[in-house]
Every structure is written in C-alpha cells, then in structure tokens.
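A lone chain, given as structure tokens: the form predicted on its own.
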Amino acid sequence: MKVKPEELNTVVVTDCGSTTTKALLFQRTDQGWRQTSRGEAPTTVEKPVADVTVGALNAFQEIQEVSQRQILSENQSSVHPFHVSQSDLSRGIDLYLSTSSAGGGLQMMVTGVVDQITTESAERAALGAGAIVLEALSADDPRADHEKIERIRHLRPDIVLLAGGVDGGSTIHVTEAAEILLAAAPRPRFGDTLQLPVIFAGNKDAAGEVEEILRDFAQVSVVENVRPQLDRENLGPAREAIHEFFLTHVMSHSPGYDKLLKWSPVPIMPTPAAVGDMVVHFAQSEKVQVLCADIGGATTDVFSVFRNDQGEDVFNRTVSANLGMSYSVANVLIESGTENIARWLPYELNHAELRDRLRNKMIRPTSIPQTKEDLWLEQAVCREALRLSLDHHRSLAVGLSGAQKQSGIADIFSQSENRYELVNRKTLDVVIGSGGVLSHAPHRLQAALMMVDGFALEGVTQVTVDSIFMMPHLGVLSSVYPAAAAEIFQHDCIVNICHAVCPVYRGRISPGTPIAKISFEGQELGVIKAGSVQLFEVPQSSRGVLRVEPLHRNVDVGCGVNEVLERSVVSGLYGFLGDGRNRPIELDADSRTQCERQQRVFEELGF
C-alpha cells in the first residue's frame, strides 16, 4: 500500500517501549498539523499476556476516551482494528505507524579487524540503525580466541554484523572472525529454530569465503563494505540490512508483533532509529549542528549531527548502556565518584549517605523524588550521566581525514591518527534533552542548567527539551510525511527554554570580573561576570540579533579569542542564560564553599 501524504488528516503513532506503550494522535487542523491527544498503557510483550497488541489497544482506548473520537472499530477480531476515515471526518484514522524498543530493543554484536578502524565503523553502523551493541570484537583484541568464543556464547544477539578489511586488502583476519563466530555458534534471542542473522559488510574479496564458512549455521546477507577505504565510510547499506533483519527476524518473532506489523503499511522502526531520523531531519532543515540526549532509567542515548572538515553533515549515535537514572544509577555513582556528584548539590551531604540514597533508588527504580533535596540529588546524578555519556559519544563520533600509505600489516594497526573528533561545543547550535528527568523537571530552567553543566556547553547554544518524548513518533511519521512531522516538531514537541551564553577563557580571572557584554536587538541587557550564572530575560519568541562582546582579551564567546559574536536567534521561555564559570567548571576543595557556590546559582535562577 502506497501512502499519499496529501490525503492524510488523522494519524495514530505508537512507541512500544520496554515498560510503556505511548500512543499519540496527530491531526491536520485549521492551524496546521498538531499533536492533539495521547494515551499510555503498560507494554504487554512479557508473560502472562505475551502479546504487544493488547497494550497498544489499551493505549488506543485511552486516546479514544480523551479525544472523544471513535478510532477503534467494534469488531476487535478483525485484522485491522481501526475505523478508516471516509466521509465522516469525526471518526476513524487514515494511518497507523509504530516504533518499538520492547523486549530490550534491537541487540547486536559487531566484529572487525582493527578496533579503531573497521570495528568502529561497524559499531557506528549498528548504533545508527537503532541497536544496542552487546560486544565489539576485533582481530587486535587482546583476548585469546577461546576467550572470545566463550564471550560470544554467553550472548544472544538478534543480529551479528561482521566487518573487516578494506576492499582489495587481506582476507585472512576476516575469515578468522567468521570461523570464531562459527565455533561459538550463538543462538538468536527469538526464534530458536531459526538461523542466526549475519550481515557481512567487510572486504568484498572475502564475501564468498565467509558465506561458505557460515552457510550451515547462519543466514548471511552480503552488503557493501562499511569501510571500503581507510578514509571513507559507507554505513548506509549495512543499516538498511539491519532494518530488514529487524523486521523479518526480531519483530516477526516477538510476542504479538506479527499482528502489529499487519496494522501498518509502513515498517516498524527501532525507537532509537526513529529518534535519530528526526534529529537528522531537524539538523538538515534548519541547517544547524545538533546534540540530543535521551536519558532513561537504564541507558542514555546520545545523538549528534556535526559537520566534518569537508562541510558534510555526519550523524552519530551512541548508547551508554550502563548509565541511567534508576536501574543503572549505581553505575553512574561508580563511574563518576561521589565527589563529582556532590559538587552539584546546594546542600552538604555526607558521602556515605549519598551512596545509600542512590542505592535505594536502584532498589526502588520507579520511585520519584519526595523532597527538594531528593530532586537536587537526582538532578546532580543526571549531570554526571550526561557528562559521561558525552565522553563516550565523543570517542565514537569521529571524522576520517586523508588516507595514509600502507606499507604492511603493522601500519594497519596504527591508523588511529587518521581520525579527528567531530563534536565541537563551540560550533554547536542546538541541544535537545529528553527523558523523564529533563522533560518533566519541575522548572524548565532546571532542565536547561542540567544540560549546560552536564555537557559543559561553550559559546552560544540554544537549549531545548522534547516536551513529552514525541521524537520517536515524529521520526517514523517523517518517513511518510516529512512536512507534517517538521510542523508538529516545531509547535508541539520542541520547547525552546533559553540560549546559553558560556564564555571560556585562558588563565585566571578574578570572580565577579565582567567578562562579556550581552545585547539583543541593539539593547544592552547586562554583563556576564566570572564565576557566576545570570539570567537575562527578554519577551518570549522575540526574533532578533544577539550580540556578545568579550570584555577581556583572553575571553572566547564562541568565535575566537576576543572576537565579537553576532547571531540571529528566536528567544525562548527565559531569554539568555549567561554562564561565567570557566570550562572545565572547577571543583572547590572545601565542600561547604562548593555548596555555597551552587546555592548562589540556584538562587539567581529562582529554584
């Protein structure tokens, strides 16, 4: 069935998550496309129900009650449960779409020859397709073959992506990886009677031998090499193959998904892939560089679009599978340390008690803060989770510079200098925050400050949040009707909180010293002082030119040391957030002094 966007008036989209199925109703109104109603219900992919459509129907029922629009047909036994909109525009829908991360989402293993070359490219391909990478193996991995085999046997990946070697190079290490996979013989998570889906995206000269090795054990799909040359990546074909296997092997054998697939003419997308698509559409349509973080209970996803040194937009996604706000909160504690979490608190808290509180949160992951102190502790953890997740993202979000001459196998293993970091906070235009701790913060400025602190923003950056985690729904809608998705994104999804103005400087400047002057549309708003955070409010949605002028020769406001920055902006809910704390934000050795610093910041912003 071919969808005709111009004929659509009413669309229902679900995101079937691990715990909750969220349904949204999108409609064409007199003001344009808008999100008009929402419904939620527990996801029912686990036993005893073991049928994802039950939870989806419950979410549809809630939308129906809230919107007073009859969208479900009386005959629930039919293959298609919806009324179809015809002459009566007050009932029915035109289209149903869905994304899914239920059952732990798409889980993959990737292999390559060199960790920082082909293995890294394979990992980027899998992450960009919406997968969680359980393991990334390479020929230069220090583990012995029997240790790799033992590790693989403990995994139950949905799909394996086998990469390695540039086209025309040696095939030995690639075929050795296939033989290790055969020796380990991992079983897929779903469909025990099926062959394991394996995508080969390595040296094309090794494709035939790899297929021969894995023929009786796996279903092999051969696609173009993810790294045909040292200085070039080609991730698209591998990502498309991943989506194909996701539908035919993962979704079709998950409880109830065979029915859900029949409800929509458009393939179900992995939730992170849909979010990534929406981030890319936004970056390209607005011609901006974007950083987006979705922080959940167990994992934190980071998405980015930055320009490489050829001026091309490059999309990257990473998953920090051990950093989250509830189930994984103890991992944040371990990785960051109590001192780093405590530095964000406006009150003194014994480190032993801090650890105990976070352990209690891990034991009771669905609990929510009951006091201001609990809320501030949760937000301190969020800052550290964002910081650690961005560090992980920066390690994988790299560009490829010119190829180097290859004179032998030793040179292949020393090509890391062929990479450069893509994430540049000074050229970053927009930050998008998502997840409960950010989207549902009691005060929008609290969400903004968490991102300013966690990401250590520099220069001028627009700080926004996804109002109700609508981006997965809009991502799959954009595959059918990009204009409608973009319109809803701007009006109902993205909340423009403020523009963060964060000068950085070399050397030491005494606290309280004016370091930059802020003006908007020719009117001076005030000065940013070293060591302090200030708010400069202007009417919401005002369009004009922001001017930031350094007041010290060592200050960089985002366009070079002692250079004036001018940028056309649309003001958010709270105008401009001036942050005079240098980067990295210094930690005071005295805990009481550090608490007093945080108290002043919170008081200035009205928390």
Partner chain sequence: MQKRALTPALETSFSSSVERLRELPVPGEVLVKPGDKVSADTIVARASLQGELYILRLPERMGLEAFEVMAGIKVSEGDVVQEGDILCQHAGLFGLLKTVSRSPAEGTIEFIAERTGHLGLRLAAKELTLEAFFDGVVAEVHEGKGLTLKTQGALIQGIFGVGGEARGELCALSVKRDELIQASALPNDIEGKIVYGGSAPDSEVLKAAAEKGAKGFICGSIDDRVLAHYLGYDLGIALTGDEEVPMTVIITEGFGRLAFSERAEAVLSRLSGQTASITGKTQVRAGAVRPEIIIPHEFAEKASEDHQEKLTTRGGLEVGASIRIIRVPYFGKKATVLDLPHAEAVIETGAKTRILTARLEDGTEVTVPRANVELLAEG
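Since the model is a prediction, treat every value here as computed from it, not as a measurement. Residue numbers count along the first chain shown, from 1.
Another form exists, predicted in complex with the partner chain; not displayed. Remarks below refer to it.
Task: Interface membership of P369, the partner chain in the predicted bound form, 4.5 Å heavy atom rule - done: Looking in the predicted bound form, residue contacts with the partner chain include P369, since a heavy atom lies within 4.5 Å.
- [ ] Examine S18 and determine whether its closest non-hydrogen atom to the partner chain in the predicted bound form is within 4.5 angstroms.
- [x] S18: yes, in contact with the partner chain in the predicted bound form.
TODO: Consider N331 of the chain shown here, and say whether it contacts the partner chain in the predicted bound form, taking contact as heavy atoms within 4.5 Å.
DONE: So N331 counts as contacting the partner chain.
Open item on the list: When the contact criterion is heavy atoms within 4.5 Å, does Y327 count as touching the partner chain in the predicted bound form?
Closed with: It does: once the partner chain is placed as it appears in the predicted bound form, Y327 has a heavy atom within 4.5 Å of it.
TODO: Name the residue from A298, L535, V280, V266 that puts a heavy atom within 4.5 Å of the partner chain in the predicted bound form.
DONE: Looking at the other structure, the residue within range turns out to be A298.
- [ ] Work out which of R355, H243, R189, K426 lies within 4.5 Å of the partner chain in the predicted bound form, going by heavy atoms.
- [x] It is R355 that has a heavy atom within 4.5 Å of the partner.
Open item on the list: The chain here is shown without the partner chain. Which stretch in 565-573, 25-33, 57-65, 550-558 comes within 4.5 angstroms of it in the predicted bound form, by heavy atom distance?
Closed with: Looking at the other structure, the answer is 57-65.
- [ ] Could you list the residues in 156-186 that come within 4.5 Å of the partner chain in the predicted bound form, counting only heavy atoms and keeping sequence order?
- [x] Contacting residues: T171, I172, T175, E176, E179, I180, L182, A183, A185.
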